[in-house]
Ligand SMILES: Cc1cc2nc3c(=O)[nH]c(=O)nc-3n(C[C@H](O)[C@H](O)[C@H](O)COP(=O)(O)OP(=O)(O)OC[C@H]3O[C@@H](n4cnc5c(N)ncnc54)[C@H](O)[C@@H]3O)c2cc1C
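Below sits a lone chain in structure tokens, taken as the form predicted alone.
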Amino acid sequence: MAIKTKEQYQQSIRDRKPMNVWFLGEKVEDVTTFPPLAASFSAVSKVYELASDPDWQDLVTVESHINGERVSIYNAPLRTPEEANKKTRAARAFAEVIGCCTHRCTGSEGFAGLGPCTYDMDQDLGTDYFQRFTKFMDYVQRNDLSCTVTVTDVKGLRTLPPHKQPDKDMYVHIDEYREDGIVISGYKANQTGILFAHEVVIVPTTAMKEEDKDFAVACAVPADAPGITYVLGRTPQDKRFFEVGGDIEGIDLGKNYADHQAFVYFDHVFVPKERVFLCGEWQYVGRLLSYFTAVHRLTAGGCKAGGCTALAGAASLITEMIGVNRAGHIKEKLTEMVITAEQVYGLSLAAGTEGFTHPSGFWVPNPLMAHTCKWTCTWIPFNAVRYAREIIAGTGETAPSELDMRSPVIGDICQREFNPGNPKYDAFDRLRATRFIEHMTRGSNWTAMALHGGGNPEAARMMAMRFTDWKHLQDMVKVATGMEKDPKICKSVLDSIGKRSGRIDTLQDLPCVCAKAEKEAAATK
């Protein structure tokens, strides 16, 4: 079975062993029935539903190079620029349907980093990591598992490297090396969708030096493995989930889909040897992260484009309801929201197209363009958020609740107050559109995902700096101004223009950039 139906996915989550999940000081006995997680469960279930829909399969599935079966794009590392662009298109399409994270993208990007990196290690060190990784991928594909990657260590005191932290658990680390595997402990934070994953893939969060080798670990564990504790994060809406039921449809939730964040604590969790993909090889952590982020930050453009499109649609609908859709400043704002979507979408497509093929057969997107895409996603969607909130004129914060609107005592008063005055729509329609915008802009994790998901602005800026060929840019100016007198050098520089344009993005360059990044990271710790 290569593609699960929605029902099969939901049953597979229900069939997991009991998990140690906490929220608001109480243990959550069943994540599939817990009200604050209902919209999140619906979101990933919708992704599975569409993947098994024949009309969607060309977009969200590919043929596996491992076993030849049709598999989800989230379980198939990129092999071609066409597959990279398909991932971007799918990310946008899913975002337009559910308006939040799919819960599955980070797992696929973890695979995209582990594949080339384990191949490099095997070639350089004689290890068998790539074989282990390929076997694990085959298992994931054949069972259509939902996987998430844990990257963000909590880091403790940021001025100290991992090995100097007073509490070693600030970074996930290896407690024990055994013949049959390893034992790991430590925290990971900001884990989107982790409670509805089958498998948790663990990778380091930063480049390391030799003293940090115990923290240089990449592996996979089942989400219901013994020794794992999850604590669900809060949102401004978490209490609203308990209001749904009876005549209350849940309008104040904004929409039917959402994501969740949790931190996870690994307390002496055993990982079998065949699920370990990096074990103390600290020199390769920077390279792993370079491969990983090239795909991870490309995806941001697709999903943020979809979110901006959805915001523009809701804002446009409200302007029609209240009769301001013909105003010039409204048209300008709505158009800028659409332009924002196309801008980040185009960057994502370009990064996927202008990449290179790694010897492992994996396709690596253009790193500079991918990081540029992510950096852009950290700020311009907030203009769309501002415009959407401006258009609803504060009603996201001040509108009456669905409970008040349906009250037998004050319901009529509330409905009259919030009636848009347009016979095509009533007060409940206006509330639905308003709450959708409120959810996207302040009630959910969407804006946090735009800013921090896939790396914060400084991380994207730093990587873009490293993947820029500054010498080439300087040489172009030297030739253009006549500073460079050597005809051979001038011709070489001129011949390279249009081929590189200041980007370090070729197969030969990437390991050098990774090694430089690793050296710089070690020097600053």
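All residue numbers refer to positions in the sequence shown, first residue = 1. What you see is a predicted model; the values in this text were computed from it and never measured.
The form predicted together with the named molecule exists for this protein as well; it is not shown, and the discussion that follows is about that form.
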*Might Arg158 be said to contact the named molecule in the model of the complex, defining contact as any heavy atom within 4.5 Å?*
yes
*So in the model of the complex, does any heavy atom of Val385 sit within 4.5 Å of the named molecule?*
no
_Quick check on Val338: any heavy atom within 4.5 Å of the named molecule in the model of the complex?_
no
*Given that the partner is absent here, does Asp495 sit within 4.5 Å of the named molecule in the model of the complex, heavy atoms only?*
no
_Is the named molecule in the model of the complex close enough to Thr61, Asn75 and Gln141 that every residue in that trio has a heavy atom within 4.5 angstroms of it?_
no
_Only one of these stretches, 188-196, 351-359, 119-127, 411-419, has heavy atoms within 4.5 Å of the named molecule in the model of the complex; which one is it?_
188-196
*Of the residues Ser407, Thr229, Gln131, Thr152, which one places a heavy atom within 4.5 Å of the named molecule in the model of the complex?*
Thr152
_Heavy atom within 4.5 Å of the named molecule in the model of the complex - the one residue of Glu26, Glu458, Asp55, Glu29 that qualifies_ = Glu458
_Residues in 446-479 with any heavy atom within 4.5 Å of the named molecule in the model of the complex_ = Ala448, Met449, His452, Gly453, Gly454, Gly455, Asn456, Glu458
